[in-house]
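This document contains two forms of one protein chain, each encoded as structure tokens and listed individually as structure 1 and structure 2.
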Structure 1
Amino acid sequence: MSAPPLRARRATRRDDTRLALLFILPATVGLVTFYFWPMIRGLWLSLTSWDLLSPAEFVGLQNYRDMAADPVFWNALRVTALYVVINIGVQTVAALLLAVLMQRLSQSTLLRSLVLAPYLVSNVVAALVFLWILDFQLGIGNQLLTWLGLDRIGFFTSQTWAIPTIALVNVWRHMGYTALLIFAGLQTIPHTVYEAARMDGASETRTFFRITVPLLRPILGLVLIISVIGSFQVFDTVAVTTNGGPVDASRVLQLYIYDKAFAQFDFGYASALSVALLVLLMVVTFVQYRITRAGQTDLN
């Protein structure tokens, strides 16, 4: 059978392109409306002084100069970084171990559904539940400590414990979702690799560190990038449990931005803080991508 004429093939390609553009049009409109335009608007507002009630006044880089000399901003950045380190460190290790256990011991769909269940609970609900469980006076967590002969701990009222507690609450909520992402990555590793390792006499521990972890590098890089971006934007858990206290010990950057914008009506400065967070996330994402080499794989 002869090939179709070149003109007909070109017409078909044009029709496919139009159809593809039609499908992505709604998403493109939403992206421009809710992401690109607000980002451009925020960049402009960061160069102004605006209290929502009067016209915006252009002040150039004054907001950024104020931010550089703002001790509350630097404290919020330090608190946010501490939260990210605890949250990402514990969550990644726990999710990796959970994913490996699911692969080696059981691949039950029901088990995977149960692992994902905490992720389906909203941040506000999870925060309220743990706020009651870890209450200093009435919480069952402190009741258990008392029964064990230990002192009560102010999990959400102590400057030492506030951020670690919030980080671990969010580890509980997101760990299952992260584990399923890693579990999906484990399915891409050929079984022949593990069979060859067993024939060579490699132990489970050696196989994990020499085969599983290196071959998971692309998916681990993706998981770390997603998790870090999400961790830097923590807000609702802090707002529900501590509201930034005690004494700014848990005042993360997102909460500080919210306070500046909607409590003090300093939208210009809040926009500058948001731009600083955007630049920070871009730098962190770029560094993570380069270090983890997330776009490369050793399976080729």
Structure 2
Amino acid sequence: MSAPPLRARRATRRDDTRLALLFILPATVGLVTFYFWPMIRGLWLSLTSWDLLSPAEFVGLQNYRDMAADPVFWNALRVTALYVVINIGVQTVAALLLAVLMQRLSQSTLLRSLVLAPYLVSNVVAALVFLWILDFQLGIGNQLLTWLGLDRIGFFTSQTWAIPTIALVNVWRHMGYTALLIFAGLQTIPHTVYEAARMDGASETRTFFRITVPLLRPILGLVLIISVIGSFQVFDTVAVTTNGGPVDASRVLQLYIYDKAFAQFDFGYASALSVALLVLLMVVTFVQYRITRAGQTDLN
């Protein structure tokens, strides 16, 4: 601060190392303390047995062996996979449809804002609203079913419906956001390509499958990767609506981890479960990246 002014010198080309270190100091503290250190610590914890009261005890791979023999874990894995498939499947199709409709019909900001509205409320609020809308006795959803001459469905209380319902609630919340991501991707396709197609007399459907989808592939791939990663971590909606029930029908992996840690104080095992989730995410992401070739474009 008290240094003499460096008027005539090429001040801009000066070496700023000291200042830079000062400027990245807070962010580095955050990075090391809350990203890297927990990574290392989580891996270490997964090799221990620890209930927070007595000191942690190193048990090697015992937690992982327990996990392999734990039916609740395998069930959680199956339930989570089912959730992801339904959630991502419906959400991607709906969002793609919405994005293409927005692009073809109207580019208005108002429309895009309305579509994004559910994303602004928390998962908790979304869960509670649908808990009410889909209530067995009083919910308007079940009233609609009876009007249509169908039987009432225990959306959150039946073993068959709990996971699909939760998956669809989250589709409701994320559909608009995903659509806007895809919409942004659509804007990168030069409209000369579309005009060329129109001149050749290609139909809308043909244009969609022969131009839009192939050219959108890298972005669709990225969107899928982002949303699948998010989808695997589902917790809020389940915790608020079913808390894993009925029986274990909606006990997703994340909820099981939470139960192990905060209800049974088995932090070692909970950490091992987290590692399993992490590995799963890495594998799924890698496979998706390869399949969708998200890193390459066909646009040149």
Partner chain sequence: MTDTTAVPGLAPAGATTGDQVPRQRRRRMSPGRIVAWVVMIVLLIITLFPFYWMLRTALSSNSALYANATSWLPVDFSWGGFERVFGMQSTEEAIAQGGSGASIDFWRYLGNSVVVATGITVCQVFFSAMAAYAFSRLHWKARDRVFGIFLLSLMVPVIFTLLPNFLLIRELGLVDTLLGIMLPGLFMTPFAIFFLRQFFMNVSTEVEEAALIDGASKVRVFFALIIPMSVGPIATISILTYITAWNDYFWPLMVSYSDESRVLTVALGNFTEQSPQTGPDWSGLMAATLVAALPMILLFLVFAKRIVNSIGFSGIK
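Just so we're on the same page, residue numbers count up from 1 along structure 1's sequence. C-alpha atoms forming the largest set that superposes within 1.5 Å between two forms make up the rigid core. Remember, predicted model here, so these are calculated numbers, not experimental data.
Between the two displayed forms of this chain, it is structure 1 that matches the form predicted on its own. The Cα position of residue 147 differs by 2 Å or more between structure 1 and structure 2 after fitting on the rigid core. A movement of the C-alpha atom of residue 283 falling short of 2 angstroms is seen between structure 1 and structure 2 when the two forms are aligned on their rigid core. Taking the rigid core as reference, the CA displacement of residue 21 between structure 1 and structure 2 comes to 6.3 Å.
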